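This document opens with one chain alone, in structure tokens, the form predicted on its own.
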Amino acid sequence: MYDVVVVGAGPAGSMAAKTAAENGLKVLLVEKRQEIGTPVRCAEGISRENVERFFEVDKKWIAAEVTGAKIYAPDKTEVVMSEEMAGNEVGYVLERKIFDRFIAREAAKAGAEVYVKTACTDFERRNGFVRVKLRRMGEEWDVEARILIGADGVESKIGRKAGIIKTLKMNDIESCVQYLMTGLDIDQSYTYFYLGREVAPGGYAWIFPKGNSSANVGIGVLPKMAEKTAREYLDAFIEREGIEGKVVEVVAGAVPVYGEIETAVSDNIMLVGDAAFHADPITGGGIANALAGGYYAGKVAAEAVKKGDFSAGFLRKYDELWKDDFGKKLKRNKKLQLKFLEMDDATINKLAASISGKNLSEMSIRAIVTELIKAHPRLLWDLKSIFI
């Protein structure tokens, strides 16, 4: 009997396993792929603060350190958030292949058993516990657990079977494609964001530096608004911007942009990371919330085992923790996303022009929107109460 079985060894799942094991629980972490950390399914950006909150930084898993961001409106109006403008809020572009394995190793060092190439095929609650069906290389077997933590990504099978989440609608999911390109002539100290319905309807295109003249060049589009595939939009963006380099990797995936869900638990079950729709609806970023959510899930699992209470009522302590931490931001940024989806490119150009060159007080979405509201109170009046 395990105290906790975690399905999925991304940052959220490994963090949950690590935290639960550090608190003395018997933990099994399973990953369906043969290698943890591959394929990479994100742009790999995260703020320094959100990494250092949980780990001492190891340069092995830092691909690039960025000191600012450049945002481009459809007409190429530039908004710069740089270190000298924004204080010391800087960020990292991770090497996720190394970072994800690092967290999984930390979980193993804390005592968790880690199985790769192992899939969870089903589960059922029985007599207050969970029987989890696993399969590895044709072999099938069951294990029992007091708590099952679903870190199985977007459209989590565990979450849907447990009745916690439903299939996402077309306006709650971003379709994303990304190339790792080499031989690029870019300033590696900035991340770059490109807005506009023509470039990326319902989303944005990005360039995230990865050192040595390489970068993640990607795009996310809202399928409900898109007329082409995400890859066709990405190829058009690269041609439009005159980006010259070699594509050495291609990844594609989906990012939930649902916003805050009511609960991420049911009896014996908790969801973390993308499985709990914890990605930011505006940026699509999910690593920071995955680490925090995984940490809280591991802590609450330890409390539940100590109390012998695995009911949804007790596990809602996990809901309280993640909502107090980043849930409000998910809710706020969902409102902001819906507001921006209403805007045409001319309006975005107008907004960008009004804050281009301004000295933003911090490097954050809040800082940008606060300045936009000051410049265009009528246009953004309904956001005033949540951003100012």
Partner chain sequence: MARKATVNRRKCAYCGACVAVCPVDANELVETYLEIYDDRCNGCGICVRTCPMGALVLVEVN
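Just so we're clear, the structure is a prediction, and the values are computed from it rather than from any experiment. Positions refer to the first chain, counted from 1.
Only in words, not in the display: the form predicted in complex with its partner chain, which the text now covers.
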**Asked** Check 160, 173 and 231: does every one of them have a heavy atom within 4.5 Å of its partner chain in the predicted bound form?
**Response** yes
**Message:** Taking any heavy atom pair closer than or equal to 4.5 Å as contact, tell me whether residue 212 reaches its partner chain in the predicted bound form.
**Reply:** no
**Exercise: residue 250 in contact with its partner chain in the predicted bound form, heavy atom 4.5 Å** = yes
**Interface membership of residue 93, its partner chain in the predicted bound form, 4.5 Å heavy atom rule** = no
**Message:** Whether residue 155 contacts its partner chain in the predicted bound form should be assessed with a 4.5 Å heavy atom distance threshold; does it?
**Reply:** yes
**Among the candidates 135, 97, 197, 105, the residue which, in the predicted bound form, approaches its partner chain to within 4.5 Å (heavy atoms)** = 135
**Prompt:** Among 80, 243, 186, 226, which has at least one heavy atom within 4.5 Å of its partner chain in the predicted bound form?
**Reply:** 226
**Message:** I need the one stretch from 142-150, 265-273, 71-79, 164-172 whose residues put non-hydrogen atoms within 4.5 angstroms of its partner chain in the predicted bound form.
**Reply:** 164-172
